Structures are given as C-alpha cells and as structure tokens.
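The chain below stands alone and is given in structure tokens; this is the form predicted alone.
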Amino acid sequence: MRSSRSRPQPFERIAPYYDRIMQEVEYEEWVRYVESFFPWAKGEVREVLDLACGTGTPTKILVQHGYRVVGIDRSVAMLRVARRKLGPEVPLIAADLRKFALRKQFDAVLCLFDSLNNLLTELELSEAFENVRRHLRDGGVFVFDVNTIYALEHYWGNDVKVKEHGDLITIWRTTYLPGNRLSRLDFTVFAPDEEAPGCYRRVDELHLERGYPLKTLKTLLNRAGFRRVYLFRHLTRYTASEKDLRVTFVAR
C-alpha cells in the first residue's frame, strides 16, 4: 500500500475519484429543482454562472438543457476532470468564490452541494454574497443550498462510515465541534494503484464545514443587496426550518 498522507487543499487529491464516490447523487433531479426557480427571475434565464462547479456534472446537465454556462471552482484538479467531461466549449475558471471578477453579469447564479459551508467565517460569506450580487444582472436569481447546523451536529455528528464504490473504498470520519458549529471530515480513499497492480493507494484529505443560523444567512444576503430571500426544505417548496438537513435559498 502506498500512502499520500500530507494535507492538500480539499478536493485536489480526491478529484479523480469524486464522480465515482458521488455516483448515487440524483444530479438530474437536483438541477430540475433549481431550474424550477428560474421563472422567478425577471426575464428569461439564458446565461448561468455555476459556482463551485467541481467536476461539472450539474454544469453539463445545464448545458444539455440549453443554457450558456460558465463554471468556477477553486480546485484545479476538479476542473481538470470537468474539462474532460465538458470539452473546450464551456468556460471553466479556477478562482475563489469571494474574489473572482468577470466582465459580465448572468441571469442566474448557482452554488450547489453545500459548497458555501466551506466558507468558515461570516466575513467570507459576506464577500462571496457581495461578489455574486455584482455578477448577477438586475432581476436575476441566486440559488444555493447549505447544510444546516442541525445536519452537521446530528447527521454528520461524531461518526465513522465505511463505503464501497466498486473497487474504491472510502472512510468518512466526522467530528462536530459545537463551540464554533464546525464539522471536521477526515476523508480517506483507498484506490487501486495503477503503478503497482494488486496494491491500493491511500489518499487523505481534510474537509471543514461550518453551519450558520438561517437567520444569519438571510441577513448577510440582505446586506449584500438581495431584497427578496426565500428558504425551502431541499427539493421541496416547504418553508425551511433549522431542523431540516439541507436548505435551499432563492434570492434576488
């Protein structure tokens, strides 16, 4: 067994395995749900900015549905996978959610799969929301989801899970730190080593997510210039609560 134990940036070393690890996610249903909010924008949604696009699966579905999409992600390794999936036609940009600067605005901006939980302070969230607002045309719609504090404390909690994905094995060790509403995921992948047949390569990454009160998120959105903010239990139109696991925000 060969080991890669030093701590890289999140999603760098697991990028080649990410799609196989997440193959049970119903991306098509998720994208359809997000699209159901596009009529809330003033005017037709044609151009979409997909923030934290990762390996580009939702991005690809949106392109197939006829939208012009730009993807942004901090992880170069994840974008490398996305590029193979999307081809050269879809613009993909390696950038921080808080600091990217494009010379255009979009009809809709998305940030899916609790990516904003990876921002660990209210200041970072404020910077991201303000940047989204700058890149959203007047009347455009911003759709994102978060893991709630309840999800991080009770669903992720303090636990160890082992999962198999074909010939991949993953270990998910989660620790919840209640003082700062922070969840630590020590994530390990065991993958067949192509350079040593019969052996496995170990890859370790540390992922951190912070939970925020829903009221705080709404306040930060208002301060960033979003006047109308709606919160839904994920994949529904039911009003969200702090005890839902995942909450979808729609702001404009």
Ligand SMILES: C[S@@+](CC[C@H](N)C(=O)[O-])C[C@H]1O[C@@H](n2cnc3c(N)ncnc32)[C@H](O)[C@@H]1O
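Heads up: residue numbers just count along the shown sequence, starting at 1. Model, not experiment: these values are computed from the prediction.
Below, we turn to the form predicted in complex with this ligand, even though it does not appear here.
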Is there a heavy atom of Thr148 lying 4.5 Å or less from a heavy atom of this ligand in the predicted bound form?
no
Gly54 versus this ligand, in the predicted bound form: is there a non-hydrogen atom within 4.5 Å?
yes
Decide whether Asn118 counts as a contact residue for this ligand in the predicted bound form under a heavy atom distance cut-off of 4.5 Å.
yes
Hey, in the predicted bound form, does Pro58 get a heavy atom within 4.5 angstroms of this ligand?
yes
Using a 4.5 Å heavy atom cut-off, which residue among Leu112, Ala108, Leu152, Leu125 comes into contact with this ligand in the predicted bound form?
Leu112
Interface stretch in the predicted bound form with this ligand - options 133-141, 172-180, 94-102, 158-166, non-hydrogen atom within 4.5 Å
94-102
Relative to this ligand in the predicted bound form, which residues of 15-44 have a heavy atom no more than 4.5 Å away?
Tyr18, Tyr27
